[in-house]
Every structure is written in structure tokens, then in C-alpha cells.
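Given as C-alpha cells, the chain that follows is alone and in the form predicted alone.
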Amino acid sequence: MKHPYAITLDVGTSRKNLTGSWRTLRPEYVDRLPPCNNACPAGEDIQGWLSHAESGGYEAAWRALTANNPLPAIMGRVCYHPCENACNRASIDETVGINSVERFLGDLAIEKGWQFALPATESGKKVLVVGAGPAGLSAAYHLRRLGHWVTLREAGPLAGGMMRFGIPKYRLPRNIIDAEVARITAMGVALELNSKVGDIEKAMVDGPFDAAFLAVGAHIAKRAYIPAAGAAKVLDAVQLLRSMEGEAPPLLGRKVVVYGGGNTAIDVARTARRLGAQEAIIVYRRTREKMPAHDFEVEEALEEGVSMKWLSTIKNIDGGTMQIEKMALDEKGFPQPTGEFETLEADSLVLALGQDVDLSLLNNVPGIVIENGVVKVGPDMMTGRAGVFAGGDMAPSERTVTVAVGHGKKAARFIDGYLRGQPYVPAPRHGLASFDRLNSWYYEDAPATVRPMLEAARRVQSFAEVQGGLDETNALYEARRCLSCGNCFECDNCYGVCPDNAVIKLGAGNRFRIDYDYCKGCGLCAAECPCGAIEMVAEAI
């Protein structure tokens, strides 16, 4: 039906709208990339699943979340949430508690027994995944969703990799790992424990497998040469944390020194306190600002009585005594020895200097290139050997659970393309929805929910989980703090403010369209759009 005030001119057999001749700019609906999605190493559609959660559709939210990440209850506990660091809401009050809502959904799914759907079709292809850590579990899940038969081989006695053997129970309870692994195997993924792959070429032939994804974790501790005289109790961090999965906890003594500055060093010191150490001291050669450990973990360790010796290094050990040299920063900010020493008494020393990956399964594999202790892979995650892909700790990247989960998903998509003979081509990315594109006046202050924390005095008495989760009321509130940056959420502002009735509703979930027969290009719709989903573009001539 024509608008009663629309004016047209006949030009031969064509019709030209007069309002179009008045416009220099025209509004167009756009989809922009939310900064949270852009920052997520696992490639989650965070805004998408939050939109379900904010309406109380928790199962729909969980299914949208797990379309990209099969381990939400784990990630809701151990992810360092770079999504929140990028959140536009920080420019208004505080970032959205994305990680806490993710944990709520993950825990709710375990409580309700929600399961993943089985693949609609089977490809008939077989894929070997080596390593049941976060990268391997993610790859196995996504490959199975795509219809491939997956065998997941793990050298250890339990699945989870460094999530189980490197992250303490006070951060990640083991029943959470077990529940999320069981959901993946229920899809038909064959999990073989105590099954180390020593030769990938032989394993692929024996399978036989059409492709392989290598996701061996960094379980080998790096060492440092420290002169030692007399019997000194020196352990490595990986050995210590791994031993915590046994029946008998290790005996560390009353005073424990940890050498290193990463998250593992923090975990070891906090574990030592829980094992009864009256003193746990971290010795680190640089300053706190240069410490690779995350700041909130450092703060929690300090609350629990862990001491820090920054700008210090261990020169030698003699039984239960070690000599510590003080360091000083040079003009370029690098630590240099000062020749000043102090003596530190300790019952044990734990080295937390990083980890390496056991790459022996790649010996004599043609085409494989190893650089700086990791496997060289292409943009498609494939190694130099056709059909063999690698990710997680084995590939050059930041070593976090979130990055590993993202590697598994990315590799699965490229493996699927390889197996089908149809190379996977990632979809083009939308432009970023930056804060300056939003109309922040639309949003009221809504401070973030504070996640419950066990008090410090009680933390060191057991391995009980330190950080609690949100209840449904808090999770719903937190999800509703999302600004829907860059994507229309059908608030009706454009529809309400248009003076020419040019905005047409298309029904729930279908958004709107502009009827350019009526639109004069005034720009009110774009000015009043709270999430920056309307852009004024030059009128085509």
C-alpha cells in the first residue's frame, strides 16, 4: 500500500521517488562485531548466547554457547575472560560479568543433565585426536558434530590434560571436568586412556585414520641450573601439581620457596599453603608489573598469606638454605645482578619456570617443522605433513584453556574441509562495534554483580572451591547488562522516532527494514539507535 503523501514522477516507464532526490545520506541496518566476541580466543558468540540468557532461555543460551565451546562450566572457572577486558560497558560503569554467566549456564546444564545432539549424518571418515586436554576435547567434540568418527587417545589415566593435572582443585573441581568430558564421549567419541601415541605415522596407518589432530599438553617442566651442595629437596611445579591427583599429598614442609612468576608459580604457592606450609614464598627475578601471572591471582595469593620476593634470583642451594641475590633494573628496564645477597631457609624448593611439550611422537615424520619447541602450523592448523594438524600447547600461541579450546574448534573445521575435499573458508568478519558508535545515554547505571568468594582464612584450610557461582536472579541481572553492541535487539526506537513512518517492522526476531519511498534521510533513527546498528551512508546517485 502506498503512503498517502508519497509523490512520484513518471519518467517514461520508470518511476522516480522525490524523497530520494532530497536525501544525501540514507540509513542502513548493519551488523557489527561486538568487542567481547572479537576478544574471545574460543570464538564464542557471546552476545548471541547472552541474548537468550537475558530472556530466561537458559537451555537455548547454553546450546548457543556450546555451539563454539563444549566446556562452559570449566571455562566459567578458569578462563581469564579477555572478553570482559574488551567490554564496552566498562565505559559506562563496569564490564558485563560474561564469565560468571557462562559458569552459571555450564553448572545448570550439569544439574539438568542437558546433552549434546548427535550428528544428523555420518561422514564415514575417522580422525585420531592425540591428547584429551582442552584442545583435544574441543576438536573431538566439533569433529563429531560434523559427523566424523573420532578416537581420542590420552597418555594419562584420566581425561582433562593440564586442566586436571595443572590447575588446582580449589579453582577447578574434578567433578566438573568429569561431567563435561562425559557429555562429549556420550556423542560417540571413543576415549582411550593410558594410551600414549609414540609414533603418529604408525598410529594413523594402524587405525586407519583419515586425519589426525595433535594436542599433546606441555607436561615437561623446564629446569634451571642452580648449584646445590648437600641434600636439597627440589621439585618441579608440574610434578607437584600432578601428584595432587594421587591419594597421598606430597610432603613439602613448613617453609616452601617457589621459583618463578607465572600462574603455575602462584598455583603452587597457594597449594603449599593448603598442604600445611606456614610460609610460602615466591622468588621472581623481575617486578610485579612484569610478572606474567594474572593480577587477580596474585592478589588472591597475597590474601592467603603467600609472600613475594620480586627482583630476586636463587644463586645456589645448600641443603635447606638458599642464597638469594637481589636484582636491580637497568636503564632499559631489565633486571641485573647487584652482588647483594641474603640467605633464605626453606624445607623445599619448587621450580615453576615453564613447561615444554613431548614431541617424540613426531620423530622422523616427513614435512614436520619444529621451531622453539613447538610445531609449525599453517593458517589452517595443518603441519607440514598432509592430514596431520596440531594445536593447543603444541602450536605457537598463548597457553591458556580458552586458546586451546579455540584451536580445537578451528582445527576441526579445517579438518572437516580437508576430509570432504572442500576447503573451509572462514566467514568475513564484521566491523568492530566500538563504544563511540553507541548511544550510551540510553543505558542506566547497573553495577556488576560481585561473585561470592570464600574468605581467605577458610581457603587455606582445604581445597574447597574459592570462587562461587551466581544464582539465577544474579545471572539474569548480569545477562541483562549486555548492551547488544552493534546488533539490533528490536527495541523499537527507530520505529518510534521516524517522522515519515519509513521503518517497517518485520515481526519478532526479524528486525526492521527501511522503506526508502518514504525516508527523507533525516538520520533520527541512527541517532536514536542505542546499539549503533544503523549507519548513515552516502546516497547512491
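As the structure is a prediction and not an experimental result, all values here were calculated from the model. Residue numbers here begin at 1 and follow the sequence given.
One more form of this protein exists, namely the form predicted together with a small molecule; it is left out here, but the text below deals with it.
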| property | result |
| --- | --- |
| Of Leu71, Ala139, Val258, Ala404, the one that lies within 4.5 Å of the small molecule in the model of the complex (heavy atoms) | Ala404 |
| Residue among Lys409, His219, Arg183, Arg285 with a heavy atom within 4.5 Å of the small molecule in the model of the complex | His219 |
| 4.5 Å heavy atom contact, Gly156 and the small molecule in the model of the complex | yes |
| Close approach of Asp267 to the small molecule in the model of the complex, 4.5 Å, heavy atom | yes |
| Ala132, heavy atom within 4.5 angstroms of the small molecule in the model of the complex | yes |
| Contact test in the model of the complex: Arg399 vs the small molecule, heavy atoms, 4.5 Å | yes |
| Site test, Tyr80, Ser195 and Ala215 vs the small molecule in the model of the complex, non-hydrogen atom cutoff 4.5 Å | yes |
| Location of the small molecule contact in the model of the complex, chosen stretch of 148-156, 364-372, 249-257, 106-114 [non-hydrogen atom, 4.5 Å] | 148-156 |
